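Only one chain is given next, in structure tokens, and it is the form predicted on its own.
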Amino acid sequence: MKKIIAFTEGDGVGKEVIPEGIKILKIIDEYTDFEFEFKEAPAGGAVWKKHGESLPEKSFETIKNSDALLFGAIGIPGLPQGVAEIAILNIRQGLDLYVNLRPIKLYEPLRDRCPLRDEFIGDGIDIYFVRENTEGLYKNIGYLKENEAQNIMHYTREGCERIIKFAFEFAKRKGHKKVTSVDKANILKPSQLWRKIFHDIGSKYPNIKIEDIYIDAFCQWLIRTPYAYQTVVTGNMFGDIISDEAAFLIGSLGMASSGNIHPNKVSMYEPIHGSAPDIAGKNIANPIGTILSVKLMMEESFQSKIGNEIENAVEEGLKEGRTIDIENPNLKTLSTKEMGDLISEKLRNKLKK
């Protein structure tokens, strides 16, 4: 089963963590029916400095003609605001990647790294944020003048329906009993449209409970009872904020993965941490967010159960060693490459049985 994987290392620690994700894919290639061909698609701040654009057309063509994209992190100090980051928006819009799927899971070996007390964690944290990825404020409709600026929060029925339907189908596939919608319908008209559509679609899934929570309330409930949520669906900006908030509950931002998805089409998978220029080049960045992004890729783009094996390899690895952001005095402190090697070896042992 041959698949073309485009990859963008980008800037900063992206250049260190993406090779660890590719390492996982190469093990899958070696021990399963999957056959991967890797093609580089340069993008980011360094590319902008060299070519005057952060996503060259040649790179985008490589991405469009692949089966999936593994994306690192972009941004370097000293660039004009947003010139590197526009590459991500252009990929999302250009490929119509309307689903941003962000899993937030507290693995048992990292329970002690969660900043919350045990009563707030309950039996654990295992949330999937389903974020609308192409509309809202991030569609970037607006202007910037010297004394005035504007962005329009633009929602359409089509955009709301397809992301909410995805959320319910995803919850059904995962066996979740509830879908939570986060909006600001008491104030914002786009949220009022969103809430109506959420209830219309939710009524077609009688076995799944639905609930609405305002964004400001949800931010505090996420801290007080994170164990209470399974599938959470929301708009673009709200999803960006609450999924980053949730990432700090699982030990480190370096643990969090994401998928920018258009079902059955080319999709992009990336860790949600930034380029972290302060630690770039030190070989200390956590590669697990990238490795778990490969897990998502296998599950969502290739419908493979190998994702479970990757996750099990990660959890086993965490019992033996940690990168500095999640270090434990009783375990070995590992470099980026060493952490990737440990998890890769755990996966190799699982797949070759």
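All residue numbers are counted from 1 along the displayed sequence. Here the structure is a predicted model, which is why all the values come from computation and not from measurement.
This next part talks about the form predicted together with 3-isopropylmalic acid (IPM), which is not shown.
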3-isopropylmalic acid (IPM) in the predicted complex: contacting segment from 158 to 166, 85 to 93, 203 to 211, 227 to 235, heavy atom within 4.5 Å: 85 to 93
Heavy atom of each of K105, R113 and Y128 within 4.5 Å of 3-isopropylmalic acid (IPM) in the predicted complex: no
The single option of F170, Y138, F218, Y98 touching 3-isopropylmalic acid (IPM) in the predicted complex, heavy atom within 4.5 Å: Y138
D183, heavy atom within 4.5 angstroms of 3-isopropylmalic acid (IPM) in the predicted complex: no
Residues of 237 to 260 having any heavy atom within 4.5 Å of 3-isopropylmalic acid (IPM) in the predicted complex, listed in sequence order: D240
